[in-house]
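For reference, the chain that follows is the form predicted on its own, supplied as structure tokens.
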């Protein structure tokens, strides 16, 4: 910890940065129609969008866990050709504009896409503009958060336990399920929570790939956008407040991981 007087050249910008981040949230709370809030929270459109958001975000997180944990293990434990390229490609959705990601998904999984045409003609499966499409779009943008978190946990884990299991004759699968997973379980949990939160707040890829159909693909962020476009500012504020409450809850759940420093 730095002791002594804090230089003004550091203190003033620091306070300004804090105000810059907190002020919009304060504005949201200030503009919230508290008198009609309970009534608005029980409106069918709000409940429907919230249920769909929770469902799709949870399914997207489950998909990310199934795909992301083995992928993170490969990146952290297996030296294969092109590992650096694979790691770079995994992080692309982090910096890619979500709308571009939605277009990419449409060109890959649409009825005339690279894989979508085959899925449609062979199995009759069409993902765009469906609830399943929402799950795919959310998983696409959220997967890197899980992979990066789990890979970091794997790299920070003590490999001596895995080596000891190997010397005792355990296979790689047995070592992975009985030794590695328990060691990195906190990292997987943190990555899963971040993944779920990112999926819940996804907008660009979802509206581009899955559309904005109430009850089918309209999640909370899309409902905020449509409500705002219709001129109902109070309704948009209420929906935004729900997402803010979820974000604060996520931060509280991860406080031991992020806020443990004095």
Partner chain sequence: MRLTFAVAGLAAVLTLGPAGCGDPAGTPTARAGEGGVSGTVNVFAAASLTESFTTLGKRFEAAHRGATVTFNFAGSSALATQINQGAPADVFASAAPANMSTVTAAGNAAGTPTTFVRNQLVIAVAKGNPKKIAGLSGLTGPGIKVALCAEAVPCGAAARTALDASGAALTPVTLEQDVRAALAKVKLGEVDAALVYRTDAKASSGDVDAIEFPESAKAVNEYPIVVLRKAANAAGARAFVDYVLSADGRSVLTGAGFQAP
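Residue numbers count along the first chain shown, from 1. Note that the structure is a prediction, hence the values are computed from the model and not measured.
The same protein also has a form predicted in complex with its partner chain, omitted here; what follows describes it.
Shown alone, this chain has one stretch from 146-154, 178-186, 88-96, 123-131 that lies within 4.5 Å of its partner chain in the predicted bound form by heavy atoms: 123-131. For the options 37, 67, 233, 55, the residue carrying a heavy atom within 4.5 angstroms of its partner chain in the predicted bound form is 233. Taking a 4.5 Å heavy atom cutoff to its partner chain in the predicted bound form, the contact residue among 172, 77, 111, 83 is 111. Within 4.5 Å of its partner chain in the predicted bound form, a heavy atom is found for none of 20, 33 and 242. In the predicted bound form, residue 214 approaches its partner chain with a heavy atom inside 4.5 Å. Among heavy atoms of residue 166, none comes within 4.5 Å of its partner chain in the predicted bound form. Within 4.5 Å of some heavy atom of its partner chain in the predicted bound form lies at least one heavy atom of residue 106.
Within 4.5 Å of some heavy atom of its partner chain in the predicted bound form lies at least one heavy atom of residue 207.
Of the residues in 223-253, those that come within 4.5 Å of its partner chain in the predicted bound form through at least one heavy atom are, in sequence order, 225, 226, 228, 229, 230, 231, 233.
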